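One chain comes next, on its own, written as structure tokens: the form predicted alone.
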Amino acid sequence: MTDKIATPDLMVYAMASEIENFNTVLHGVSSPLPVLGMSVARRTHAPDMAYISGAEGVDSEIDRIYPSSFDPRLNRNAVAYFGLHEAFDLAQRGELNVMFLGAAQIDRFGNTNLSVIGKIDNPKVQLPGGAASAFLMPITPKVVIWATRHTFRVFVEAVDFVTGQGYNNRSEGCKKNKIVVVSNLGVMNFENPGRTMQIQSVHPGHTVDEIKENTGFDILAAPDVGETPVPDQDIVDLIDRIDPDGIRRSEFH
């Protein structure tokens, strides 16, 4: 076991742990951490997962990652090509199990914002948009959101604009689907009667109080809250081999 695990590696391992064998998993744009998490899962506990790349390759051989998660080199020896527009049909048929998404803001109910900061008719910041988030997020059985800066500016009482729907904006049928949030401080879920965010685990070196102090709403702590499992040295070495340039650390600058 390594003495101290770097935060990016811990987040990659936590994200990989959300994938089960035989899952069909999708990542989108600007997703170095999800690419690594999916790659780690496929090379360890989920060898039979179906890997759908934002670059449109299926089960390609990913020996290393690149600054763009849409880099065509990520499609090397893919068994098929799968246009992102086809992900809509896949999810609608119930055949997409896990999807990774980013967010500029996320609130207590799991709504995400990748559209604007401020008012929609006079925004302070124009964000890139959510692409498929609005359609895919409520109907995908598990959505894993990653946030490399756990602050009250990211974890807000209410998002400025709902790009992806949380539990208070879903039909009853979609409320059964899971949202998991992996941040640089811990892992959160919504597994409580009110379907509001709660702390599932805390990363080593951090505390429940620290997470609460850096969250813009009254976040709950799960009754069984514990410490986030850490990867062993073999997993850390695997992450280093896939990301020799340290691209995973770029989101933390």
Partner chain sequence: MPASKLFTMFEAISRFVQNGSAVALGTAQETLIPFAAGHELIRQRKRDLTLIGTISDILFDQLIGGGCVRKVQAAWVGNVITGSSYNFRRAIENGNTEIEDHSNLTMSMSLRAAAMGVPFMPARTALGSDLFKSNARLKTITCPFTGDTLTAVAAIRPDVTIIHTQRADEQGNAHMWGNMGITREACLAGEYVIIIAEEIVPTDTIRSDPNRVVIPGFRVCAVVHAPWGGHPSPVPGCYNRDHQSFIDYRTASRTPESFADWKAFWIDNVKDRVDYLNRVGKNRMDRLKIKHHLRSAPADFGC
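Numbering follows the first chain given and starts at 1. Please read all numbers here as calculations on a predicted model, not as lab measurements.
One more form of this protein should be noted, the form predicted in complex with its partner chain, which is absent from this view; the next part is about it.
Across the proposed site, 157, 167 and 189 without exception lack any heavy atom within 4.5 Å of its partner chain in the predicted bound form. This chain is drawn without its partner chain; in the predicted bound form, the residue among 73, 149, 178, 153 with a heavy atom within 4.5 Å of it is 73.
Contact check for residue 161: a heavy atom falls within 4.5 Å of its partner chain in the predicted bound form. Among residues of the shown chain, residue 30 is one whose heavy atoms approach its partner chain to within 4.5 Å in the predicted bound form. For residue 102, no non-hydrogen atom is located within 4.5 Å of its partner chain in the predicted bound form, even though that partner is not displayed. Not displayed here, its partner chain is kept clear of residue 40 by more than 4.5 Å at the level of heavy atoms in the predicted bound form.
Partner proximity in the predicted bound form, defined as non-hydrogen atoms within 4.5 angstroms of its partner chain, places exactly one of 44-52, 212-220, 64-72, 194-202 at the interface: 64-72. In the predicted bound form, no residue of 215-239 lies within 4.5 Å of its partner chain by any heavy atom.
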